[in-house]
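As a starting point, one isolated chain is supplied in structure tokens, in the form predicted alone.
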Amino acid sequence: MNELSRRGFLAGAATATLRRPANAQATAETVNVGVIGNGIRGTFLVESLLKLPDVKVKALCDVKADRLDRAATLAARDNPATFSDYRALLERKDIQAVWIAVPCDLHVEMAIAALRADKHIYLEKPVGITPESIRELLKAAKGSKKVFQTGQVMRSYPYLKTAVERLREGIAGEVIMLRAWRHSSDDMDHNSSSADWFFNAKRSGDLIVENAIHNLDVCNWLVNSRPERAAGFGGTLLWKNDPPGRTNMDGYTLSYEYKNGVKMSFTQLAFHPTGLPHGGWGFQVYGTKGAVDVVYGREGKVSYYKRERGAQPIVLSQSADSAPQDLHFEAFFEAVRTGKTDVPGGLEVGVVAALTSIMGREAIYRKKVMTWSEMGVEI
């Protein structure tokens, strides 16, 4: 596949430089990156990559010419080659790392191809939308020495790290239950550039797998375990056949029982009125001594409530980091340069998060209690 001819004038773009991690190698090595998928998320990733020191966006790939041109214009500083076939990008010997941000049903196929091409990989969540495909990905990744990071970016959020650390220290005693939610005031934009696959559950994995996987991964992290069983109910409750042909849910409720005995309640919906309490994202972790409350946001807040009458909440953390996802991306390139393979949101974390989401989805679909063993994937 030849490079596509560049359409239009590529305007230069000034970009800011982020801090270099303190423990990175003193002599930096420029890492050339290819970005596969230049839609909403892919464009965000290109913008983030352009801010990172000693990183060059040297190749772009998308099947839609308008997206490809927009991304090429954005990355004009690095003069990227452009492709409509991701396999041609993977053949480039000058590309050390690939960042994959395509519809969910293509994640496993492209990640396996990138592994075979011996590239470092950043793969957007979910790593896969079926247990069978995830099993194939794990098989392909076995023995690889390349960095493999998933888009479970919340693993790098400082205030969430604080919440996890304090829970591990035992501030709330033994963790026994978790309540979490993801409530939006509206459905995803029906005219979005991602609408052609997002509302198709066979392509997206449904709302829980494409969307709530972030929240469910944080739940796994907070309770330091993975689910053993799941049960739930849900469906398209408000936005019926809207947009036409829609097959993904807009609301559901789930209960999980974790391997370590923790019980969890999770809800997600796309019709939470603005201003109604308990909108947005939240996590409440209950222990034998009290509870830790986590309010998600640009300035995430973590508070501890002691289980005593009249006790006042104690603020444990209130992050002021305006771009916590950048910390996730910086960790990827530090690992590439230093030879580490242990990164926040690594492949195993992504796999467990995806299977947690899939197990919940199948419990709803099949109207039965699903077990982890039924996923048939060994971790």
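All residue numbers refer to positions in the sequence shown, first residue = 1. This structure is a prediction, so every number in the text was calculated from the model and none was measured.
Quick note: we don't show the form predicted in complex with a small molecule, though the next part is all about it.
Put simply, of 138, 113, 102, 81 only one has a heavy atom within 4.5 Å of the small molecule in the model of the complex, and it is 102. The chain is drawn here without the small molecule; in the model of the complex, the stretch among 117-125, 173-181, 305-313, 222-230 whose residues come within 4.5 Å of it by any heavy atom is 117-125. At a distance threshold of 4.5 angstroms between non-hydrogen atoms, residue 194 is in contact with the small molecule in the model of the complex. Although the partner is absent here, residue 36 sits close enough that one of its heavy atoms falls within 4.5 Å of the small molecule in the model of the complex. Interface residue remark: residue 151 is counted as part of the site for the small molecule in the model of the complex, having a heavy atom within 4.5 Å. By the criterion of a heavy atom within 4.5 Å, residue 64 is counted among the residues contacting the small molecule in the model of the complex.
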